[in-house]
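So this first bit is one chain, no partners, the form predicted on its own, shown in structure tokens.
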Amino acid sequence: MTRRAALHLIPTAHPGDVSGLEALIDQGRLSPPEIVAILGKTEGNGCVNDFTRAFAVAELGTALAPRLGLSRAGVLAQVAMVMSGGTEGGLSPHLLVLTVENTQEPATGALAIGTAFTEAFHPEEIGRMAQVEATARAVREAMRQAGLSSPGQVHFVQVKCPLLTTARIGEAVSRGKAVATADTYESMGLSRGASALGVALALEEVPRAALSDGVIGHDLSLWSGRASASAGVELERNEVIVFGTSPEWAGDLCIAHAVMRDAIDLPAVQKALRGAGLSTDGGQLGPEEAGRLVALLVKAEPSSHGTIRGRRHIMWDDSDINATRHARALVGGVVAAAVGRTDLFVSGGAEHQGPDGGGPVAVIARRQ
């Protein structure tokens, strides 16, 4: 039996808005049992106390529970939920609902999707090699689920990972365990970084011998060109979604990726667009091409050296607005100008995800 992947992009009015999802289901355009993952951009601050992510996950679980004959916890146990907080600048809040169905259509070579989950992490494992290795195992399992036999078939890996809170740190200390950091915000970066290095390990981008607790969040020369990790308070495990191309899948969706070398690397965005069959002609996508764009996913991160192509930026020096919020707005503006749309999955915090100050970008589009 051939499989076919589909993506449904749904605008949201607020973080708990599931009306668009429910409407698609009620209209028969979306089958709940076929949902394997939901990605979303919510309008929180993207930091430790961004509970718009947890609110969205809870509402999605509640909406799907009766339609799947499960409890809310049952839904969240089987459907990967990746809510990325922060829609700074002109970014538009939305959901991306990923479905996989069996079909009688002939395999044509198309987008393939697989998901997998790690076990829940102990607080002392977050940001350390235990998280790296568990993530690598989950990536390999998601590849197996998608029928992707080679790392070269993988274009993008989206990970949702946990962070440390004061309560989680205290629980570890009560057992005599030391955590990677007592700074809850710093724990987000360490968790993202460990997750990204797990992707790099699974995709053979970084050798196991180069990895240790000490390099996580420090040796930025080690990175994945296909990893995107988003940290949140709403979970304790890593949830992994692998996007690739398989000759055994059917459908009209294709995916391509590139790596932005810095926050204003427009040519890299255009390279990914061309790889997905979209004509850029050196400028913004026209209405027809923009209509074929199904999703654009990209990582954003301020460069650690405080410059972009030799010119100073102040993202790290602004005490009022978090640096990753600046980066999301900046990169969001660059990619929006390239595609003529603002409903884009721009995720902040790119530790070990692309080179310092840059990040991977993936484009999913319908074939002409």
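Residue indices: 1-based, along the sequence shown. Bear in mind the structure is a predicted one, so any value in this text is a computation, not a measurement.
Omitted from view is the form predicted together with a further copy of the same chain, to which the following refers.
- For G89, a non-hydrogen atom is located within 4.5 Å of a further copy of the same chain in the predicted bound form, even though that partner is not displayed.
- Remark: P32 does not count among the residues lining a further copy of the same chain in the predicted bound form, judged by a heavy atom distance of 4.5 Å or less.
- Proximity of P247 to a further copy of the same chain in the predicted bound form: non-hydrogen atoms within 4.5 Å are absent; the residue sits far from the partner.
- In the predicted bound form, at least one heavy atom of R72 sits within 4.5 Å of a further copy of the same chain.
- G283 is the sole member of G214, G283, G170, P207 with a non-hydrogen atom within 4.5 Å of a further copy of the same chain in the predicted bound form.
- The stretch among 137-145, 76-84, 262-270, 217-225 whose residues place heavy atoms within 4.5 Å of a further copy of the same chain in the predicted bound form is 262-270.
- Shown here without its partner, the chain carries G61, L98 and R292, none of which come within 4.5 Å of a further copy of the same chain in the predicted bound form through any heavy atom.
- Applying a 4.5 Å heavy atom cutoff to a further copy of the same chain in the predicted bound form picks out E43, N45, C47, V48, N49, F51, T52, A54 from 17-54, in order along the sequence.
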